[in-house]
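Next up is one chain by itself, shown in structure tokens, the form predicted alone.
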Amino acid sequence: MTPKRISARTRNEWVTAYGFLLPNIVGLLVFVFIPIIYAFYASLHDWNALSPKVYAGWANYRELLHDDEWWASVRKTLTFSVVYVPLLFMSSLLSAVMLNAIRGRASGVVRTMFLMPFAITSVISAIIGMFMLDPRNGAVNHILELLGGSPQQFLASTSQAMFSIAGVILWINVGYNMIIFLSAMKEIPRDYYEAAEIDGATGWKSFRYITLPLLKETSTFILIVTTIGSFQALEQILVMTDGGPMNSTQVSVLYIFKQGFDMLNMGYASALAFVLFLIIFCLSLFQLKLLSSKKEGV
């Protein structure tokens, strides 16, 4: 059997395709895979970033198993993720549905208003959040008082600080995810809705049996990406509370940051970062498997 010859056109298409992919592949190698490998290498050493590394074997990993503060930070990260991800998903989807019903120039104005918080930097957004949630002069407490409620401590309260931070990060990211949902909705053919309307379907039934099933790919993407993002939240927490009050907002990434850059335990921080990477990786695979199996079952 003679091997099939590849035509010059096919060869040129391959070269063009790999030429476009090459910058992304190089970027992944330089900024993702090599840092992960180096973090694992550093985690096997006792290192303070100033003196040479000293090989320590698995000592850093044995230490983290008995580090109560680390596991407390993991629990706080999970709490933040459980609160933040469903809220972001639902609010983004609901906003996209409402915006999809608006026609004309008003649609562009509302879309810009939703997207504006995402355009500002993380530090500035955190500072705005601090002003809004200030217990004495914040706008949120003024609104609560106008509605007959009592002022809240928000970032100064151990029970409210995490939810307050989740609200600020939600305000920043809801517009971006709404745009993704809205783009997917625009791709759904109008014929489906017109046929459903002729059959007497209500707006809710059209949403339940047409919109939601056709948004499965987008929903899967947003759920996985926002879950990963919730495990990586750092800037806003660092600016707004620095882990306080009483470590109530000290999530895993912040604990790793403090171990690495405040205490200069670079080897130990690398071990923590590598374990956190494994947690996020396994969780993402689980989500992908779960959502894919549901999709196949439809």
Partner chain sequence: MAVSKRMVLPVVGVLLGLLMLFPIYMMLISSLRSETTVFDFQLLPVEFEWSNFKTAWTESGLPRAILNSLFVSVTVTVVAMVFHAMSGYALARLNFPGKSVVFGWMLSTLMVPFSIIMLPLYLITKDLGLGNSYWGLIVPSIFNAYGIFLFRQFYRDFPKELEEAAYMEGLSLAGTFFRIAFPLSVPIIVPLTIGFFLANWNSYLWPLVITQDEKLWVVQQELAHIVGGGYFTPWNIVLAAAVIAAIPTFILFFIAQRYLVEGIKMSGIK
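Computed from a prediction, not measured in an experiment: that's the story for all the values here. Positions refer to the first chain, counted from 1. Between two forms, the rigid core is the largest collection of C-alphas that superpose within 1.5 Å.
One more form of this protein exists, namely the form predicted together with the partner chain; it is left out here, but the text below deals with it.
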Mind telling me which stretch in 158-166, 76-84, 99-107, 190-198 gets its heavy atoms within 4.5 Å of the partner chain in the predicted bound form?
99-107
Just one of 65, 54, 32, 246 has a heavy atom within 4.5 angstroms of the partner chain in the predicted bound form, so which one?
32
Is it the case in the predicted bound form that 23, 116 and 174 each bring at least one heavy atom within 4.5 Å of the partner chain?
yes
Is residue 124 close enough to the partner chain in the predicted bound form to count, meaning some heavy atom within 4.5 Å?
yes
Is residue 137 near the partner chain? Define near as a heavy atom within 4.5 Å, in the predicted bound form.
yes
The partner chain contact at residue 285 in the predicted bound form, heavy atom, 4.5 Å
yes
Any non-hydrogen atom of residue 28 within 4.5 angstroms of the partner chain in the predicted bound form:
yes
At 4.5 Å, heavy atom to heavy atom, what parts of 172-207 sit next to the partner chain in the predicted bound form? List them in sequence order, or say none.
174, 176, 179, 180, 183
Look at residue 33 and decide if its Cα position differs by 2 Å or more between this form and the one not shown after superposing on the rigid core.
yes
State yes or no: after fitting on the rigid core, is the Cα displacement of residue 49 between this form and the one not shown at least 2 Å?
yes
